[in-house]
Every structure is written in C-alpha cells, then in structure tokens.
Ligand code: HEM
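Read the single chain below, which is given as structure tokens and is the form predicted on its own.
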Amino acid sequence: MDWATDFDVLDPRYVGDPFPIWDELRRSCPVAHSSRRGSNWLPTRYEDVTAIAHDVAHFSSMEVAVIPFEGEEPEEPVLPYGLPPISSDPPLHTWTRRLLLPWFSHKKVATYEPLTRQLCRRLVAGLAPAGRADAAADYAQQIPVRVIAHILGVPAELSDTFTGWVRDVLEFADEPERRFAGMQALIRYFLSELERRKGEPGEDLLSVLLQTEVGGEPLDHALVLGTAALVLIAGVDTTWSAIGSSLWHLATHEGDRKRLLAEQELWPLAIEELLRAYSPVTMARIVQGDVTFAGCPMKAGDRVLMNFPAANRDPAVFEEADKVLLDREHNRHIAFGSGIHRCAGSNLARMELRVALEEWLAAVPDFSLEEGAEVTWAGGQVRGPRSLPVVFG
C-alpha cells in the first residue's frame, strides 16, 4: 500500500499505530489521496487542517462521516437536518449551536462534576479488589454515556444499549447493515422519548428543546431529534476514547504517572497535553466546488478527512511533537476542532477526562498493561482503545 495514493483509515496498521504514517506523509505528501470509498483527501499538517476548517465556503459540513453511509437512502430522510449543528452550515449551524452552548458552559459543566466524580469513584472501587481490569470496557466506556444520559434525561441503566448503538454507528463503518440498524434504533428510541416529554416535560435537554421557540415558532421535532442524536453520538465515543488513550499512556509511562500523583499543579497542562497527543476525532468535509488546495485538484463532492490528530503531532507547530510532555505550556492543539465547528462540548470532555484520571489514580496509583494480553484499538471516525487489560500494583 502507498499511503500517499491509497490510504485506508480502517487498515489495522493505521488504526494501531498511525503516528509514523503521518510523519512520513508530512514529509512526502502532506495531503494524501485515496479512491477507496469514493474520492478522499487526508491533510496531515496543522496549517492545512486549520485552513480547511475555517474555509466554510469551499468545504461543507453537511456530511461529517469519515466513512460514507452505503446502501439505499430512504425516500424521506428520518433526519432531514442531519445532526445539527455539527452536520450543518451557516445559517442553520449558527443558531442551533447557540441552543446547545448553555448546556456545556463552564458553569453548567461544574454542576455535572459531582455526579461524574461519584460515578468514577464507584466504578474504580468495584474494580480495585480484583487487582486487574479492562480499563477501557470496565471503566472509560462507562463514564461519558452515563453523564450524557443525565443531560438528556434518559435512564442511565440503558447505558450499555446506548453505547452499543453509538459503536454501531461510528466503529463498524464497513458493516453498513449494522451501522444503519444502530442509527435506526437510536432514532426510534428518541422518537418515543420526545412523545413522552410532550406530556411529561422535565428540565433535561430534550424537554427544554421541545419547549424552545425560534422566531416565534417551536423547533421542528426532526431538528430536536437530530440534536439529541448528536449529543449522544458525539458525547460518548469521543470522551471514552480520550479517557482510554490517557489510561493506556499512564499504564505505559510510569514516570508520567508518578508526576501526576506528586505534582497536583500539573493537572491542567497535563490534560491539554494528553488531548493533543491522543486526539481521538477525525471529521469530514465535502468539497463544494472544484478547488485547488495546497496544489491538490479537489473536485466537487470529494471528501476531506479533517485529520485533527495528525495536525496535533505536527513538528512545525509543536516542539518534540512525538513526545508527551505533561508540562507543555505552549499548546495550541485542535483536539476539539477549529473554526465554527469547534466542539461545543469541550468543557464537558475536559472535566470528564480530568475526573476520570484523578479518581483512577487515587484508587489505583500503580498499574501497568497485563503481560501477554492484547490491547485493541478502534479507528476511522474516532480512535481509542476498546480493550485495555491492566493489572494493579
């Protein structure tokens, strides 16, 4: 395989260790191309990724899936607005994003922290006596979905079901039937929840959106449905993957683990560095019309994979970019994207990552990868460990 002309973001080599591939592409072909699953471009430099992110005139967010959906499209789309605001352009993007921001402000996120800390403390306390755990499936995976369930006002007991749907949609991109079934199940569930809230409104995000008016008119239910689906999909796998990747790093870097335990003032910088080094998310943009970018003749309809993780490893921007420096002070990472589509839930993700690591280290200060056990990773739209066997002490 020539990564410059035939890359595959689902190739096991790419998923398992993409860093040397990005390094080579930056040197030889910083905007790679592949005809797999249509015409796709893969920028790997910070400068190029941020430029495309800010150019909403040429690069649309109407389709953000890294792997396009396959199969027959329904005559009447169930989500005519997609997943706003992430899969929309201005002006729809502008006002739908404004509806979400209050739910993820610094002040609002602070109200979710006690619940998150209690959850993490309970989870890790249940794992500690066994002396080992799957830090991905038993811990990281369990946290964001329950916090998001609280925000949406849906039962936390369904967390495994929600996680399954999200994994079907994001992780199994080469299995169109499974992917479509996951999305359909998610939509059916939220449709029933919207119906229930018409007669039993609460103070959760779904209820508030149903009662919200824009321009004197209530929000279209299809728009509320798309936004709810977005909050679940975007809020679960992404943060779970960031927590899991950070735990993998700490399991394999004893010195960094000891520094976090000994230097409490290091935490703010450390969280940003872990986000930079193990950015989980790649998004897509659709080329609006024929355009030449960085010498590359992009055609209307081409897909550009916004490789935020590679941009965050660009040595032209980050000194010793391939190293995790917990005290890195100058850190203009774009783990949460760049431009108008920068992640609206970044405050929540930061809090969940910090609390998850704090509570884990408080209960399990010494841990390492289990010898002989396999660490498995998922990739494509979101990269993170799916199996992370560790032993304590």
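Because the structure is a prediction, the values reported are computed rather than measured. The first residue of the shown sequence is 1; numbering continues from there.
In what follows, reference is made to the form predicted in complex with the ligand, a form of this protein that is not presented.
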Each of Ala137, Leu158 and Phe172 near the ligand in the model of the complex, meaning some heavy atom within 4.5 Å?
-> no
Could you work out which of Ala349, Ala32, Ile52, Ala356 is the residue within 4.5 angstroms of the ligand in the model of the complex, going by heavy atoms?
-> Ala349
May I ask you to choose, among Arg167, Arg197, His93, Arg257, the residue with a heavy atom within 4.5 Å of the ligand in the model of the complex?
-> His93
Within 4.5 Å of the ligand in the model of the complex by heavy atoms, the stretch out of 174-182, 84-92, 257-265, 209-217 is 84-92
Do Phe104 and the ligand share at least one heavy atom pair within 4.5 Å in the model of the complex?
-> yes
Even though the ligand is not shown here, does Arg36 get within 4.5 Å of it in the model of the complex, heavy atoms only?
-> no
So in the model of the complex, does any heavy atom of Cys120 sit within 4.5 Å of the ligand?
-> no
Although the ligand is absent from this view, report whether Gly226 comes within 4.5 Å of it in the model of the complex, heavy atoms only.
-> no
So which bits of 221-236 sit within 4.5 Å of the ligand in the model of the complex, heavy atoms only?
-> Leu230, Val231, Ala234, Gly235
